[in-house]
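Single chain ahead, by itself, as structure tokens, in the form predicted on its own.
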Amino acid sequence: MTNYDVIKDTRILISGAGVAGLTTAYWLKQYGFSPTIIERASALPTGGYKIDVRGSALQVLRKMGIYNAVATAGTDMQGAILVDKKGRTIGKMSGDAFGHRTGDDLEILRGNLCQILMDQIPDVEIIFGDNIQNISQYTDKVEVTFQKNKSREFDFVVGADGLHSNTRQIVFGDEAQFSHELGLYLCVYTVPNYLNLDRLEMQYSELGRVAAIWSSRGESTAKACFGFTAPTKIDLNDRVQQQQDLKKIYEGIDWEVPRLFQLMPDSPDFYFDAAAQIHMDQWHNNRVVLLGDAAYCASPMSGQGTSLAIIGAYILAGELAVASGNHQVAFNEYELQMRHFVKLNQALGITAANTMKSQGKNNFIIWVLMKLMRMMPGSLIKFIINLSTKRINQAANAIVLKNYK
């Protein structure tokens, strides 16, 4: 039986005010814990990129009472137009079909979801504009040193600070031990909505290169998006090289690509990274536990990162409550429940990446795909998207959630 007298005195630091961290804080507070969030950004980001919530994660939103709020604030994407290199329409799809959404699945801008989550925890302490500098673990506590604020003691630390987790670096070691790049690069940045897109996405696709531009409900701007393979490794710390390589890789594609590259240097939020996954044998070390992308990033190629974060937060907090704050029992049970689910969803990302990279393979199946892409590109793209939707839907529902409260 849960010992609420023990729980109410348990202080838990959460690193990261993203979806994983905010959801964790909500559930910990529901059970009577005392969570604190530390976030390196100076404020909660607004807007951002499109993310999906699917399958079992929708149960968590309903348990939190925010499903309708998330649906109301959704992107309301009405459709997608598939184009060729010259910008000629080769196919059209509904917004849900293009985004692999079925049933009650939702799509929302990341910042908008974070704001909804933050609104649910008005009495949780959130420290913006600071970061963890060091973590010292003892038998009965954790001492955390911050870059700006004074050191403080907590009972546990939850690292929910993303793919390039600072918490993981401090406690578990260098990121290179756990990061597995998928051979693709992703680039997204804001541009003026010069095409006057209204809840619409336009995309050019081929094996190895995808370019898109979209604008969702209520957005005065648009997002330019690129996903591609590269012949050589690109320096993730050199923006000049990144932008030069982008232009080289997309040579020969007309449509809106040259215009998007002209707008690129002036974008206020240029994002460039390698598509990668995090694989770890264990997600906890004594009193520190990792969650979401910090522990088991599946990459944007999976379409399941947000749902994994929401479900992981729900399970972690629930197991801590059931175990009355016994972290060894709770962390082990959290991993036991999540491992298979994570493996299935990471497989989605690997499959999608391998399909994108297949243009460099010399076999009969790829030869056929290349031929079909030239003969009927719109139909092939729709087929690949619909096939991916079935896989994502199966993986998104491949976990049965406990009722903790």
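Residue positions are given as counts along the sequence shown, with the first one as 1. The structure displayed is predicted, hence computed values, not measured ones.
A second form of this protein, the form predicted together with a small molecule, is not displayed here; the remarks below concern that form.
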So in the model of the complex, does any heavy atom of G292 sit within 4.5 Å of the small molecule? yes
Give a yes/no on whether A17 approaches the small molecule to within 4.5 Å in the model of the complex, heavy atoms considered. yes
Since only the chain is shown here, I'm wondering whether Y271 would be in contact with the small molecule in the model of the complex (any heavy atom pair within 4.5 Å). yes
Would you please decide whether S215 lies within 4.5 angstroms of the small molecule in the model of the complex, comparing each non-hydrogen atom pair? no
Check for me: heavy atom within 4.5 Å of the small molecule in the model of the complex, for each of K85, G227 and G349, yes or no. no
The chain here is shown without the small molecule. Which stretch in 26-34, 46-54, 64-72, 332-340 comes within 4.5 angstroms of it in the model of the complex, by heavy atom distance? 46-54
If the cut-off is 4.5 angstroms on heavy atoms, which of these, V142, V188, V191, I249, is the one near the small molecule in the model of the complex? V188
